[in-house]
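In structure tokens, the next block holds one chain alone, the form predicted on its own.
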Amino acid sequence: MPISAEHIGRTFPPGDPQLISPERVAAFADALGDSDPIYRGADALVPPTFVMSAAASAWQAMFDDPELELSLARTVHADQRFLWHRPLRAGDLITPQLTITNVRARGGNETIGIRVSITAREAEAVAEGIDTGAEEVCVAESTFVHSRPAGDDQEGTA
């Protein structure tokens, strides 16, 4: 069954934890052409758009789900919103997790809303076995428009 309103609320397993190293932060800032010193060193702040790489890594679970019959090649990323609870820093160990929040089908297209929760742990505390737990640091919400192959129309609305 292709993606439908019945899939609203489906949450995929968390993605692999990703260490935000000072080197990754500096390389990302360099790629943006941003030489601000707050993005350098062991306690560097992370540019806000950096989290997009973690959010996008969570999308793969949805596109890999054979039940949903989605094709990345027939998908347009329509919009993106971020809700921040605190800034990320070098040394955070972040984990993304995706939930489908909305599905609307019209003819041969589906509009799909998703929410990716990004949680963080302090990598050094995890390594020392004194992990105090993960906290949600950011929510990335996106809307995708997916087109079905010609002649594969699906009707229904959520």
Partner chain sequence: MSLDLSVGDTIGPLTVPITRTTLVRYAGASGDFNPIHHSDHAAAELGLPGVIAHGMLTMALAMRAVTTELGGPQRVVGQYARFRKPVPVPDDGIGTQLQVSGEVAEVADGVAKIKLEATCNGEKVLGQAAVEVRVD
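From a predicted model like this one, the values you see are computed outputs, not experimental measurements. Numbering follows the first chain given and starts at 1.
Omitted from view is the form predicted in complex with its partner chain, to which the following refers.
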property: Site check Ala27, Val46 and Ala78: each within 4.5 Å of its partner chain in the model of the complex by heavy atom; result: yes
property: Proximity of Ala31 to its partner chain in the model of the complex, heavy atoms at 4.5 Å; result: yes
property: Thr111 within 4.5 Å of its partner chain in the model of the complex, heavy atoms; result: no
property: Exercise: Ala125 in contact with its partner chain in the model of the complex, heavy atom 4.5 Å; result: no
property: Its partner chain contact at Gln60 in the model of the complex, heavy atom, 4.5 Å; result: no
property: Interface stretch in the model of the complex with its partner chain - options 113-121, 96-104, 38-46, 61-69, non-hydrogen atom within 4.5 Å; result: 38-46
property: Stretch 85-110 - residues with a heavy atom within 4.5 Å of its partner chain in the model of the complex; result: Pro87
